[in-house]
Structure formats: structure tokens, C-alpha cells
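Let's start with one chain on its own, the form predicted on its own, as C-alpha cells.
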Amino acid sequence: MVETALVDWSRLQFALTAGYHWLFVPLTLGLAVIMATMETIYVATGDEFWKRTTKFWMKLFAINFAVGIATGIILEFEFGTNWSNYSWFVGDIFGAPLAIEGIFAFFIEATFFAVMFFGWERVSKRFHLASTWLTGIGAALSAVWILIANSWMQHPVGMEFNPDTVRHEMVDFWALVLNPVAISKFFHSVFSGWMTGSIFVIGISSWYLLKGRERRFALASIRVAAIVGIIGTIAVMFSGDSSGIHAAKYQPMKLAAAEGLEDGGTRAPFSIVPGVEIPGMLSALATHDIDGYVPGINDILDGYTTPDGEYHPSAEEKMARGKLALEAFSDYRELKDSDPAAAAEARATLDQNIEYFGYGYIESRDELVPPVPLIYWAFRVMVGLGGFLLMLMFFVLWAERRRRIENMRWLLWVALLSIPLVYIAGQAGWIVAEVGRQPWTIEGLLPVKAAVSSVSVAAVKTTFWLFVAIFTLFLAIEIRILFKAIKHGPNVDND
């Protein structure tokens, strides 16, 4: 088995890359909708003010878009460099959505982005507007294929294991695409981008009002962004509810860890913070039934039977069946040419236990429990900040419509200082999603320690610190360019 240090450093490197990449993606998704909405107003009204307003936010969008592409390319390369066993084991499945994503990213997005950014005076108003919307749609469609791939890792469907090639092979493409986890994750991620873009626009616009600059531009931008953000955040709540139900069904350990639930049962309580609980609420959220059964960490490890009689094996039973599957796989590979009858028997044993194949790599039941405190508090940070930001957007919209926001300098400061908070909420959400499924790279099929490449720890450490330097430089350059563009201002009006 690979050494622990290699697994830890490989995970840390991938987390670093993914975390940096997700700084840019949600802002791209959110700004795309906001600037497309503004341009729609321009085309509908003919007011040049909205054209200049759109062009300013489009400039910030382009800066963020460019840096996001750079981090995303590196992220995809890491599957081959750091996770080659994973890539071999499930490359036939995981590679398909990544390939389709590349088509959307480099053909659809790039084509319409060029028209959108450089075609203002070269194409008609309506064609340019269509290009702006299609750029945003292309970004969302690009994201959907990445999220389909990620969701398959959370809930693997549409495949079967081929012991001759030692690969999982796709047998149902549409099961992959219509994976219920993927659908929920897509809407949750895209609409969280709307929230990110909206808070960003509101915060920057608030800075202009604090400086007494670009009054009409700032107020108009706040109005559009707040409406988009409120719609997006409410949609995040509904898609989050769906994600919770899927976690309860397909990843009960993740749900138990997010709630710090050691012993479950019916009418399971929802923990606000340690010691403060709402009776029955977790059951209601996870099953839409206040009497629904939710297993806790100990139940999952010890094995449990649901009230309707469905038995779930203990950790030890799963590990035993996993080792049986591995042994049968080894026997099949060894005997398939010399003793076909014995090989067929081994293949039958493998097929009977393939569901627990990944558990054969697990050495202790403790490995099956993710870091509970981290997931528990990350979930509360995500939900708490999401609720706060929703109230902020409602309040900002109310103050803008009542023409009071300019005199509420404290509210403008809160809006400006909330820009980092929306990023923290997004990162916390991904911690719950990704750390919550540990120790699995693919839920139940392939643990992380069996997925890494056979490379030296020193090599991973070196590239990790190299990426820290490169990504930090990328981020610093983007922030510097954004600050320069914001400080220069849109020069839309001098009210």
C-alpha cells in the first residue's frame, strides 16, 4: 500500500488547485448573467448608459475568465500526473464528460466570448446580445459536464467492471448525465455563482457610493445584481435541500458527519451548534418525513436495519466482502487462461461482491469516518453565510428602492466587506462535498490511497509549493488588474 505521506500531499495539491480554481468559476457564472441582463436592458431601451455599464462589468468578467481558464487546465492535468490509478480505473467514464466539457469550453465559450468582447461595433445589437447570453450559457454548460463527472464520483452509476481490462466501463451514458446527484449539484453550483457575482457587483458598487462616484451606475448595478442574487440564492436553498436528500440516500456517512450525528434513528435532530438542536428537523430535511430514519456514524459502522427492513452491513462485513472481491479478482486474472472453469467461479464471486470492491483496500473501520469537526463547521459556515448574504441582498434592494442606501454608509461598508464572505461560503460548501466523502475517490469503489500515482513524495511536495507560488501570483495579478480597472471606473456618469 502507498505511504500515507504521498496520499496526503497528493490530496493537498489537488485541493489547492481546485480551491484556487473555484475562486474564479463562480464569479464567471454570476457576472455572465448580470452583464447579459444589463445588455438586455440596453437593447430593449436603447439607453447608452446601459451599454457603458455592461461594458464595464464585461471588462471585469474577461479578467476573471482568463485566469480561471489557466487554473482549470492545470486541474485537469493533475488527474494524469497525481491520480493515474484513478484515471486508469475509471478513465472510460470520467473522460467522456471532461472531453465534452472541452468542446464547450474551447469552442462555444471561446467563440461567443470573442464576439461578445470585441464585436460591439462589428455586429448588430441583437447578435451581440445573443453572443453575451451564449457566453454565459456556454460557461454553465461547461460547468455541467465537470459537475457530472464529479457527481459520478459521489454516486457512481451507468458502468460495470471489466476484470479483463481492470477498468470500469460505461454502459449507460444517460444514467451518467441524468444522475440525480449531478442535477442537484449543477443547479446548486451555478446558482451559487449567481450569488457570488451579485455580492461582488453590490460590493464594488457600494465602494463607488462611499467614494461619491458614479452614482447612477452604482445604483443601477446594485438593483440588477440584488435581484439576480436573490433569485440565485433562493434557488441555492432549494437545490441544497435536494442535495441533502441525495446525501442521506447515497452518502449517509457524509450527512452524519455534517451533523456530528453519532447515533441516529427516527425523528433525528438537526444541530444548530453543539448543544443546540431542533428535534426531528434532520429527519424532515433528509427524508421529507419527520419520522424518517437517519443513521448516525456508529450505526453506519456497526450496521443497521431501517424501519422498512432494509439491512445495511457493518464496516467489518463490507471490508470482508471487499477483500473477497479482491481475492476473486486476483484468482480470475491468474486462472482465466489455465483453468476456465475455476476462473468462471472466481468471476461469479467477484460479481457478487463487486459493490464492496473498494472496501477491500480499507484496513480499519476508522478510515471510513471523515474529519467530523471540519465538515460539521464547514456546513454551518456555508449555511450561515448564505443566510446572511440573502438578508443583505434583500436589505440592499429595499434601501436602494426607497432611495435610502446612499445615506446608510454602514450598509455600504457591510456590502463591500461581504465580498470575501461569499467566497468563504463557496469554499466551505466544497469542503463539505469533497472532504465529506473521504476516504473515497469514488464512493464505495475506490479509496483515495488506491487512486494515487506511483510518484515520489518529494516530487509532489515540489510541485505543490510550485503551484502555491504560481496560483498566488495569478491571484495577485488578477486582484491588481481588477483594482486598477475598478479605480479607473466605468466613467458612465458623473452624478
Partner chain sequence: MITYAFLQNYWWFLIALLGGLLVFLLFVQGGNALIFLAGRDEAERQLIVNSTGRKWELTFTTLVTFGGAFFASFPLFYSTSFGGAYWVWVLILITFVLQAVSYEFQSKAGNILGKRTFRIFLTLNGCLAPLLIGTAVGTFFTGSAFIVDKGAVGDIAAPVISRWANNWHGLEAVANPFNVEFGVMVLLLTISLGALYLINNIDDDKLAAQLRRSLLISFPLFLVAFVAVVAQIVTMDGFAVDAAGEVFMQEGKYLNNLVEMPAVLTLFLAGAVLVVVGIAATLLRKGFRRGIWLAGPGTVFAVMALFMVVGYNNTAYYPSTADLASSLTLANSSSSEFTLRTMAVVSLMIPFVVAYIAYFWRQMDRKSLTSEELEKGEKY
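Quick caveat: nothing in here was measured; it's all calculated off a predicted structure. Positions refer to the first chain, counted from 1.
Beyond what is shown, the protein has a form predicted together with the partner chain; the following relates to that form.
query: Has each of V115, S330 and G360 got a heavy atom lying within 4.5 angstroms of the partner chain in the predicted bound form?
result: Answer is yes for this spot.
message: If we define contact as a non-hydrogen atom of the residue within 4.5 angstroms of the partner, is A99 a contact of the partner chain in the predicted bound form?
response: A99: yes, in contact with the partner chain in the predicted bound form.
message: So in the predicted bound form, is the partner chain close enough to F191 to count as touching (4.5 Å, heavy atoms)?
response: The answer is no: F191 has no heavy atom within 4.5 Å of the partner chain.
message: Test of understanding: in the predicted bound form, would S338 fall inside 4.5 Å of the partner chain by heavy atoms?
response: Contact check for S338: no, nothing within 4.5 Å of the partner chain in the predicted bound form.
- prompt: V460: heavy atom within 4.5 Å of the partner chain in the predicted bound form?
  reply: Taking the distances in the predicted bound form, the answer for V460 is yes, it comes within 4.5 Å of the partner chain.
task: Can you check 261-269, 340-348, 178-186, 107-115 and let me know which stretch has heavy atoms within 4.5 Å of the partner chain in the predicted bound form?
output: So the stretch in question is 107-115.
query: So which of G303, G384, G119, P279 reaches within 4.5 angstroms of the partner chain in the predicted bound form, heavy atom to heavy atom?
result: Only one listed residue qualifies here, and that residue is G119.
The unique member of S242, T81, Q352, N298 whose heavy atoms fall within 4.5 Å of the partner chain in the predicted bound form: Contact with the partner chain in the predicted bound form is made by T81 alone.
- prompt: Heavy atom within 4.5 Å of the partner chain in the predicted bound form: which residues of 460-486 qualify?
  reply: Those in contact are V460, T462, T463, L466, F467, I470, L473, F474, A476, I477, E478, R480, I481, K484.
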